[in-house]
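Take a look at this single chain in structure tokens; it is the form predicted on its own.
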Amino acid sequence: MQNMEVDQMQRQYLDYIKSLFLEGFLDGQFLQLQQLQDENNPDFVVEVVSLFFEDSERLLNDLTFALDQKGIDFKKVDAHVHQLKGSSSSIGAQRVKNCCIAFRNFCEEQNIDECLSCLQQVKQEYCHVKNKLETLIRLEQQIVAAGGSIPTMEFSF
């Protein structure tokens, strides 16, 4: 019989993750990631999310550098945006992915002002989703530390 504290943490966790879906931070891909995590691979989601953070930081730095050059290589910019889109797609970071879609269109048009604007937007959305995911992981760790199990989402979109 688990204690009330764990029950409360699990409810808080489910409410929080539900809000991330309702606000468009995450999509169904994140739930699929969670389903791949089991007792043989208990840190799977944390590892995938950490890789996403590393990739994103590197790509955002590369993008900032590429857009800061005198003669901008839009093919290179587009390649970085394409990678970021794939990376955000794979963990379900929906808002980042959507920014990347718009960003790629402006790369195609070679529209420097819109590309710079998209870069700021992507950075902002990335910071938001990074904070949200870090909070989610902290909640998971607190539940496990208290002897509970991570509740799974039971709703469809």
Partner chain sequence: MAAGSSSNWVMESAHDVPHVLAVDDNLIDRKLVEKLLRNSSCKVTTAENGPRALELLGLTSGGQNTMNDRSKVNLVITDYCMPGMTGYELLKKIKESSVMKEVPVVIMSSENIPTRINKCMEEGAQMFILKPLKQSDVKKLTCQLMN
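Positions refer to the first chain, counted from 1. Since we're looking at a predicted model, the values are computed, not measured.
The discussion below concerns the form predicted in complex with the partner chain, not included here.
- Heavy atoms within 4.5 Å of the partner chain in the predicted bound form map, among the stretches 123 to 131, 85 to 93, 64 to 72, 109 to 117, onto 85 to 93 alone.
- Under a 4.5 angstroms non-hydrogen atom cutoff, the partner chain in the predicted bound form lacks Ala102 among its neighbouring residues.
- Proximity of Leu60 to the partner chain in the predicted bound form falls outside the 4.5 Å heavy atom cutoff.
- The closest heavy atom approach of Leu33 to the partner chain in the predicted bound form falls within 4.5 Å.
- Annotation for 23 to 61: interface residues with the partner chain in the predicted bound form are Gln29, Gln32, Leu33, Leu36, Asp38, Asn41, Phe44, Glu47, Val48, Leu51, Phe52, Asp55 [heavy atom within 4.5 Å].
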